[in-house]
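Each of two forms of one protein chain follows alone as structure tokens, named structure 1 and structure 2.
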Structure 1
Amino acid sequence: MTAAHPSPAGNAGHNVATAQLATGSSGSDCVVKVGGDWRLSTSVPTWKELFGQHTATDVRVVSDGLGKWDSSLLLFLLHGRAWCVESKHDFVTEALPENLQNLLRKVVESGTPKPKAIPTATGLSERAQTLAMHFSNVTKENISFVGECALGFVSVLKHPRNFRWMDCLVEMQQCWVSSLPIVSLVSFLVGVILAFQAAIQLRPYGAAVFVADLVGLSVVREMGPMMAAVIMAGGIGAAFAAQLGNMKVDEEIDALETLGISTVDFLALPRLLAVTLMMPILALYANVLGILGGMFVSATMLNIPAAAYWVETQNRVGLSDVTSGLIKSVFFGLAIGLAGCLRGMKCKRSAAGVGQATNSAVVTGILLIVIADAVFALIFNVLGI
């Protein structure tokens, strides 16, 4: 380097914004050193003051004692980049802080118009290739998100104090309050329907007391956890997708990423853990309401005393039956949380995109619940549970 030209604002003090131009030996390349605190409310250097009549082919910006900064530094860099683009010069900012580079890149991308794609006729092979590539990209994104969530759970186990427990408790309360009424109604009615259908078939054979067996096993092993999970997918999963989708549209998620905050740890993990912990509790509650529904039908339609119904249920329904349903409910809750958070964080930046993400979260959550239930049914059958 052969020369250095400090800007007028560079001699005012240590905390004042500075920008110095250092010219290379050939005179065609230069390094711009930015330092100090950059504030819109104070005097900051300008690109015109710094360069003047200087002509350079390559411009590299580095930080030299850079302190606090706001959009004034970003405007300074944007003006420099615009000058380099107009003069067909290279503008390198790799030596700047990562968050400043990300913010500059997002601003540049948002201001660059993208050419509209011209629709062209494609054959069957091209369409199949396009669909395959799209499916591959979506699969990679989903696996990446699941992997980040898994690493986040491991981090919570290692450093529980760093986890946002208050946010998790708030989400747990929301899961309980919003799901309790509909879970109560649906579970009770499911028990009533199962008992009513079983009574029609068993009463002619004098085996009405076995209604308790059928209802108890059906509810604790399948219907209780399944119905509670479907209700949670339609309510909590959709709520997660809508909340995160609105944050995506309002660019709040982009702001967190620009500040270097992990959106998975900050937004997804508290919701995932909340719904995973609350799902077994709601499933157990649904089991109780379903058995009460069967007891109501037996007492009113079959004249079976509640005490006899309860004794028969205890004799037939074992701890392994209840435990199997609760184990499945844990994975149901995890599937609901993953579907809601994934669809919300991958939402398109529009109001229609939020609606599509919400709908997709519900469909994906229910599909994952059914798949998980089928897998557990196979596993329990092999284990003889």
Structure 2
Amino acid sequence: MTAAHPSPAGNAGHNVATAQLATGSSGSDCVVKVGGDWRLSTSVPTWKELFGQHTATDVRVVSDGLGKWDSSLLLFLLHGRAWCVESKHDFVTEALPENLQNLLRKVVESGTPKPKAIPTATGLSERAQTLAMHFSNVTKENISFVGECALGFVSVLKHPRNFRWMDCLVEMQQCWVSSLPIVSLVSFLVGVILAFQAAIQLRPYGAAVFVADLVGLSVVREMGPMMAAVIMAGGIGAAFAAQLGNMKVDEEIDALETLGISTVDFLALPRLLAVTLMMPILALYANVLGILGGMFVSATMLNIPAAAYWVETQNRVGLSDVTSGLIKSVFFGLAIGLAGCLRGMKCKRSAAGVGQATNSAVVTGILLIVIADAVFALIFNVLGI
């Protein structure tokens, strides 16, 4: 009865691991002879294969030309031992090499440790309680951060000389440089799409020239500021969160705090101001590109000359439409900056934490933008702007 294994291809230089079963001298016990090279990387005999349906007996393991061995043999012996212990038989390994015996003894003594279960709230009410606690803590943190930023703005107005204008300028430049190409492309395309859709609807009624009105109004009031803000949330908001998060991980934020420097004044305010100031400028730029997109479609598809399109746009789109869009975009900028800085400064101290902070900065930013837009739609409606 043998359970020898064929040597795997390409491993011809080594002896095959073997385990042979023989009846012992007394007749009531078994002798298992292990030999060859036992390696985890090759296939080795298993206890199950060797004993199969064999009825349990006392087992003695002896070495029979045992070569190199590693954890695979240890595992084999442990399985054997478990098999014997279960049926209350002896498992004798005294004839094995001493270091192997020592190792086996050590593993058996220490037992196989099971990972400790982390206590988790199981009951529904308990879970709801922890969730509510967490939510209230986070809300408190967020509100106090917004409050600190507001106080910071007040103190900037009082002592403008203490403000880090240079940092603010650098961030403004960063906003501009990194978002300009993508804002150009997206706004132009949005203009094109709006004009195209409008043209299909309006042309059958001979009202093609009103494409200019429709594109002009929707771009200036909604799409321009919105698109610019969403792009900034994805670019600058994420960048803020990643920068500040990384500073937190590297203890740079701690280093500022132990110097008694307010991290809100030092890190958050310059960024917040930069994005708040840049947002309306970018929105204005997005408006121009959107109208150009509409103009392009009208000129090529509807044969409306650019000059006529422009006159129509000017007639319909008033200053109040443009300003309402720009006012909104100031608040969009504020939302993006707050979300980015807050998530970055509350980041967990790990690489994964920075990833989460970035993700959540973008999500929060876009959510706040949409909410702000809805609120402004309501306000402007009431005011009749």
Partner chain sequence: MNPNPSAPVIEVKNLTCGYGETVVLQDVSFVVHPREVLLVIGGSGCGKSTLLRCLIGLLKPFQGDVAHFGRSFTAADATQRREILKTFGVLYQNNALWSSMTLAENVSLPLEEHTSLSRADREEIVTLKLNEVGLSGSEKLYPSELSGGMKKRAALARALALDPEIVFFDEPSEGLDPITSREMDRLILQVRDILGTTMVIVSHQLSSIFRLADRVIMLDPKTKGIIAEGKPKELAANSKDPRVRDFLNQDTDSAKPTSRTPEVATEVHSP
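Throughout, residue numbering runs from 1 along the sequence of structure 1. Heads up, when I say rigid core I mean the largest set of C-alphas that superpose within 1.5 Å between the two forms. These numbers come from a predicted model, not from an experiment.
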Which number, 1 or 2, marks the form predicted together with the partner chain? 2
Core aligned, does the CA of residue 325 move at least 2 Å between the two structures? no
With the core lined up, does the C-alpha of residue 75 move 2 Å or more between the two structures? yes
C-alpha of residue 346 off by 2 Å or more between the two structures on rigid core: no
Backbone CA shift between the two structures, residue 103, after core fitting (angstrom): 46.2
